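Shown next as structure tokens: one chain only, the form predicted alone.
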Amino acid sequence: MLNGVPVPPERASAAHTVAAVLTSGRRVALTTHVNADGDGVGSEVALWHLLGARGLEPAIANPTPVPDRFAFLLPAGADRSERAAKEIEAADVVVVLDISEVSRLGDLQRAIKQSHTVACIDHHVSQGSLPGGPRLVAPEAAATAELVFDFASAVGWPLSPEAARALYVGLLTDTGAFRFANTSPRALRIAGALLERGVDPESIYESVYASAPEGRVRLMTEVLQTLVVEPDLGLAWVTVPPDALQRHAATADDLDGIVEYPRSIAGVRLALLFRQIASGRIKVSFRSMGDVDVAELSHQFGGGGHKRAAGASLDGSIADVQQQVLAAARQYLRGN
């Protein structure tokens, strides 16, 4: 138990199954989903510190680069994402964090499928499609960072100040700065335990939320001009113009949080963001209020996530995908 936060028995048991494959001297590749968010990066950085302190050889090997605003968390030499596939192939163990669907690992799918031991720590609502291996999965957790905290607590591995800082970023970002419905009493107790380890919340806020490049703000302005609202159903959506990221020298990470603006409109129960991704597919981000379960809605399109936040990617043009998804969204809202 860390700082008086008990670990549920089922999580403690799962933590020990994961720890059993993380023995001293082993090479471990840590990875998370494409376009990593604060929870994915924070969780893998914290685990990097935990494993290094136990005599293992960890390396972060992500399918896409770590977003600039989370780069302050990266220890020197920890991030080897530029040779991610090779790191995964050479690893004795791969730990996949914040996702259990192999399709979310981009170009690393083949390497992951060929790995001997694949552990997973995740909090999403999904059966997962990763190769078999030890699992610490709890959809009720506020963030994967909460589960990494539980892992350290259950197996008795002390958290360094650097690991605590990384986990705080994971909790902070996945709860919307402790505003979203997943902000549980337990998540706040864990945040308090992390603060007791010397985490400086103001400096983290500045790095994560107050260091935006100009292009991010101009991108947000352009995207919000596409806003459409159907107040009778409580539906709203925005669309990212196909060339907007390039014109504003922005990245996918710069879109983070934009879909919260249509969700913030009074009476809106379901908000959507549509954008074209590198594969030519259309990514749809779902956000909801009240009893609207966007994980259930996104499953219709092969996606997944949480009740209030989910995503899916579909083949087709933006116009075709919008027609398909908006029709399903309207039907869902009418039935609920």
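A quick note: this is a predicted structure, and the numbers were derived from the prediction, not measured. Heads up: residue numbers just count along the shown sequence, starting at 1.
Same protein, other form: the form predicted together with guanosine-5'-monophosphate, not shown, and the subject of what follows.
Enquirer: Glu162, Asp79, Asp253, Glu101: which sits within 4.5 Å of guanosine-5'-monophosphate in the model of the complex by any heavy atom?
Expert: Of the candidates Glu162, Asp79, Asp253, Glu101, Glu101 is the one lying within 4.5 Å of guanosine-5'-monophosphate in the model of the complex.
Enquirer: Counting non-hydrogen atoms within 4.5 angstroms of guanosine-5'-monophosphate in the model of the complex, say which of Ala12, Val325, Val21, Ala312 makes the cut.
Expert: It is Ala312 that has a heavy atom within 4.5 Å of the partner.
Enquirer: Answer with yes or no whether Asn62 is in contact with guanosine-5'-monophosphate in the model of the complex, where contact means some heavy atom within 4.5 Å.
Expert: So Asn62 does not count as contacting guanosine-5'-monophosphate.
Enquirer: Report yes if any heavy atom of Pro67 sits within 4.5 Å of a heavy atom of guanosine-5'-monophosphate in the model of the complex; otherwise report no.
Expert: Although guanosine-5'-monophosphate is absent here, Pro67 would stay clear of it in the model of the complex, with no heavy atoms inside 4.5 Å.
Enquirer: My question is simply whether His124 lines the interface with guanosine-5'-monophosphate in the model of the complex - judged by any non-hydrogen atom within 4.5 Å.
Expert: Contact check for His124: yes, within 4.5 Å of guanosine-5'-monophosphate in the model of the complex.
Enquirer: Might Arg287 be said to contact guanosine-5'-monophosphate in the model of the complex, defining contact as any heavy atom within 4.5 Å?
Expert: Yes - in the model of the complex, heavy atoms of Arg287 and guanosine-5'-monophosphate come within 4.5 Å of each other.
Enquirer: Among 42-50, 22-30, 263-271, 279-287, mark the stretch whose residues have heavy atoms within 4.5 Å of guanosine-5'-monophosphate in the model of the complex.
Expert: After filtering at 4.5 Å, what remains is 279-287.
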